[in-house]
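The chain below stands alone, shown as structure tokens; this is the form predicted alone.
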Amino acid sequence: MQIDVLIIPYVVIIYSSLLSVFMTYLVVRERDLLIATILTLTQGVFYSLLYLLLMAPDLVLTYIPVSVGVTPLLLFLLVKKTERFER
């Protein structure tokens, strides 16, 4: 029972790492800039989870406001000022 409990964080780290790489691929392939911004926000959430599980609280406290808060907000404002779809 004790071994199963120790494996769970490693499984979550691997799963979160793979999902963040997949989100990066989707951001690059997406033509709709609004959806790409939402995918970027999701990627930031996965990276924040990784930093939290890797016990780096200083990185989590700086990464969450920047990657999940400020960057998507600025990207939403930029998409609003330009065209939504990329050619």
Partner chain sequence: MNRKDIALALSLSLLVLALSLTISLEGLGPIVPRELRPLGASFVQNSYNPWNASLTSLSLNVVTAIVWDYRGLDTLYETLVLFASIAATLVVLRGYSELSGLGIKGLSDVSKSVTVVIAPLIVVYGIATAIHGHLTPGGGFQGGTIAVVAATLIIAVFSLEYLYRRGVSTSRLMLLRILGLLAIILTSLSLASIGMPSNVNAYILQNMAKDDSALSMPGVLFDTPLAGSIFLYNLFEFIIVFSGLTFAAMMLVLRESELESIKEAAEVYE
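Since the structure is predicted, the reported quantities are computational estimates derived from the model, not experimental observations. So that the term is clear: the rigid core is the largest set of C-alpha atoms that superpose within 1.5 Å between two forms. Residue numbers count along the first chain shown, from 1.
Below, we turn to the form predicted together with the partner chain, even though it does not appear here.
Undergrad: At 4.5 Å between heavy atoms, is residue 81 in contact with the partner chain in the predicted bound form?
TA: Yes, residue 81 lies within 4.5 Å of the partner chain in the predicted bound form.
Undergrad: Verify the contact flag for residue 24: yes if a non-hydrogen atom of it lies within 4.5 Å of a non-hydrogen atom of the partner chain in the predicted bound form, no if not.
TA: No, no contact at 4.5 Å.
Undergrad: Is there a heavy atom of residue 52 no more than 4.5 Å from a heavy atom of the partner chain in the predicted bound form?
TA: Looking in the predicted bound form, residue contacts with the partner chain include residue 52, since a heavy atom lies within 4.5 Å.
Undergrad: Mark residue 28 yes when one of its heavy atoms lies within 4.5 Å of a heavy atom of the partner chain in the predicted bound form, and no otherwise.
TA: Judged by the heavy-atom cut-off of 4.5 Å, residue 28 is well away from the partner chain in the predicted bound form.
Undergrad: Is any part of 62-87 within 4.5 angstroms of the partner chain in the predicted bound form by a non-hydrogen atom, and which residues would that be?
TA: 62, 65, 66, 69, 70, 73, 74, 77, 81 sit within 4.5 Å of the partner.
Undergrad: Superposing on the rigid core, does the Cα of residue 12 end up 2 Å or more away between the shown form and the other one?
TA: It does, since the residue 12 C-alpha is displaced 2 Å or more between the shown form and the other one after the core fit.
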